[in-house]
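Quick setup: one chain, the form predicted alone, written in structure tokens, and binding and motion questions come after.
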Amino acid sequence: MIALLVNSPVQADIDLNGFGSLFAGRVTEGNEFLADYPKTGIYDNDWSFTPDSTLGIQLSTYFTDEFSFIAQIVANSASDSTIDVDWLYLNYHVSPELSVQLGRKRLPLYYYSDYFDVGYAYYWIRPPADLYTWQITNYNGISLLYEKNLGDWDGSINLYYGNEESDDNQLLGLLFGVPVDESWNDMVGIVGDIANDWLDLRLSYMEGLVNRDINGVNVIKDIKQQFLGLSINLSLADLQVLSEFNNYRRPDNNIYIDTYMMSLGYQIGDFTPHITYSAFEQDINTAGNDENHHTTTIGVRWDFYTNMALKVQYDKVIDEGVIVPIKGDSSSITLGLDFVF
């Protein structure tokens, strides 16, 4: 692709960046810990680099001041796929404040959705797993992004529409024990964000239709789903206060889920110790689902060198699901390196 762009009669500027994570961990109490839900990264009692290790490349090609092409590919050792394409879209700046994107993007449900795989961007080894549990993480479609500076505040509104199909979905296959095909269709969403030097507020809403085949049998057909998310993050000198609250609803299937997290991080020179509490709560419903788990996380990040950070993290999971337990109670330790280049 790069060779084609360089040899094209249209002169293009190319920016190439990368990121990676190299982590090892193991369960110290219990049997297994599902650290990465979308890619089913699982730690057990043996040391492993597989669940959290990642390598990604970002490519930006600017044809003119108005047109650009953006791509991001990620190789995650926990994924069955060799390479995942997170971004692959054409961007057109209608004006300095308004742009249109057409193609494949990350589904922006959560605060950290866009850079979930870029571990260097946050102090955890991974965003809290109790929140980032969904089986669909991308969409193919169109989005409008409006960005505006309002004095000391930077604001943005993102509208999007798209679809995504996932054959033999990794997470659902793990949970059901048989092949599961899932599609999210006619997704319509809006994300609003406003931030200044010390406060960042983000509101996300999405609705669409779910279709699911389990072992070749259709069990969900065009069922409406809704997602609502709120993030409130504070940066007070060396103290970071992070929070996120999400609600998922599929009323026709009697599914109502709340997830949330609260996190504190304090920077001391090159070190950032942190503590986080997160939870996934679903009451038992007519289908018998009662998924319910929460995690306490303690860790530290050390920015020991330019564009590199060493991290160590302890996660304690309490799994209260009776009919739908997710790997049971566990304690685990993970340590390693995040970097960008």
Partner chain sequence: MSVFTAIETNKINPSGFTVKIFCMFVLLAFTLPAGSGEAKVALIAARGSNIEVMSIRDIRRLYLGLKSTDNKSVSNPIINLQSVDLYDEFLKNIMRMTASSYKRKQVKAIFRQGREEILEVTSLKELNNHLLENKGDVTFVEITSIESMENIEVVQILW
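Numbering follows the first chain given and starts at 1. Being a predicted model, the structure only gives us computed values, none of them experimental.
If you look for the form predicted in complex with its partner chain, you will not find it shown, but the lines that follow are about it.
Name the stretch, out of 208-216, 114-122, 162-170, 177-185, where some heavy atom lies within 4.5 Å of its partner chain in the predicted bound form.
It is 114-122 that comes within 4.5 Å of the partner.
Of the residues Asp154, Asp252, Asp222, Asp258, which one places a heavy atom within 4.5 Å of its partner chain in the predicted bound form?
Result of the distance check: Asp154.
Between the options Ser77, Gln135, Ser143, Gln240, which residue brings a heavy atom to within 4.5 Å of its partner chain in the predicted bound form?
When its partner chain is considered in the predicted bound form, the option within 4.5 Å is Gln240.
Just to confirm, Glu291 within 4.5 Å of its partner chain in the predicted bound form by heavy atoms?
Contact with its partner chain, no.
Taking 4.5 angstroms as the cut-off for heavy atoms, does Asp46 touch its partner chain in the predicted bound form?
Taking the distances in the predicted bound form, the answer for Asp46 is no, it never comes within 4.5 Å of its partner chain.
Heavy atoms within 4.5 Å of its partner chain in the predicted bound form: does Tyr277 have any?
Tyr277: no contact with its partner chain in the predicted bound form.
Taking the shortest heavy atom distance, is Gly328 within 4.5 Å of its partner chain in the predicted bound form?
Taking the distances in the predicted bound form, the answer for Gly328 is no, it never comes within 4.5 Å of its partner chain.
Check Arg26, Glu32 and Thr54: does every one of them have a heavy atom within 4.5 Å of its partner chain in the predicted bound form?
So, no: the whole triplet misses its partner chain.
Which residues, if any, of 62-76 lie within 4.5 Å of its partner chain in the predicted bound form when only heavy atoms count?
Heavy-atom contacts within 4.5 Å come from Tyr62, Asp65, Ile70, Gln72.
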